[in-house]
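Given as structure tokens, the chain that follows is alone and in the form predicted on its own.
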Amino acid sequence: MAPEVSAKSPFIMCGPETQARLFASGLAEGPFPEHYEPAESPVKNSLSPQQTNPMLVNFAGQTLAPAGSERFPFIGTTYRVCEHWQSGIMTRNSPWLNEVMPNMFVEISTSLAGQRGIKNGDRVAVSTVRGEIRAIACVTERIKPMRISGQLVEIVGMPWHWGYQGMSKGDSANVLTSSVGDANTSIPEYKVFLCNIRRVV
């Protein structure tokens, strides 16, 4: 296939096939792709009797919240913010970055704020089966609940830059995330976990 044609295809650089493979050797859990839910999920796997990848790497041998946990009913996720695009060590020690982004915060939807009696700027506690952090609530239209298996599931989002050292200290989101890794690459699954949130005085 000509490069100008193959470059526009969804799969490229797959060896002699040049497009894609149904069978892939060398994977830890292959040979066929299968859908697994994350290590912590608000729902049961509707596509397979196997809830999570049986070959997940659990680095710390830690306890995980069960699927559909009532104690931790919300999806937690972590991300960067533009002001803290580098590592926490770099960003927490830059005075001008600390000025524009001074505190650890968590973003929640207006609907979750209403359920929990949380107002923008309130102090909140976010907890998982692994621990709890304190932060400032940011009530926003930017985050909205998702409909999963017929139920609305709220999302709690937070940056991962804060820590116990630096000019701008704050609780670390890493206290909440699970230390599990992809079966093939061991890349940590920090983008989804189950959590709860409450207003604190």
Partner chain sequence: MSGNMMLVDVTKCTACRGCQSACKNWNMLPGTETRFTGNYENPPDLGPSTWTRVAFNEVVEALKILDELIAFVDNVYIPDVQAVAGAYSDWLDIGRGCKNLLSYGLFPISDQTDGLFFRRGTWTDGQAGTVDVGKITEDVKYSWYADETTGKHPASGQTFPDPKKEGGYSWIKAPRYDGKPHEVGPLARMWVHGYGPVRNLGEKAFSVMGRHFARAVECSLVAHGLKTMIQGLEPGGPVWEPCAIPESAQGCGLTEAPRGALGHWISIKNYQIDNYQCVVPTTWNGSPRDDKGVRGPIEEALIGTPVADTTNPIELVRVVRSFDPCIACAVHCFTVNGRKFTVAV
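Residue numbers count along the first chain shown, from 1. On a predicted model such as this, the values are computed, not experimentally measured, just so you know.
From this point on, the text means the form predicted in complex with its partner chain, which you will not see here.
Annotated contacts: G61, A65 and E70 are all free of its partner chain in the predicted bound form [non-hydrogen atom within 4.5 angstroms]. Contact check for R142: a non-hydrogen atom falls within 4.5 Å of its partner chain in the predicted bound form. Looking at A173, you'd find every heavy atom of it more than 4.5 angstroms from its partner chain in the predicted bound form.
Contact annotation for I136: at least one heavy atom lies within 4.5 Å of its partner chain in the predicted bound form. Using a 4.5 angstroms limit between non-hydrogen atoms, W96 touches its partner chain in the predicted bound form. Partner contact region in the predicted bound form: 100-108, out of 100-108, 124-132, 85-93, 70-78, criterion any non-hydrogen atom within 4.5 Å of its partner chain.
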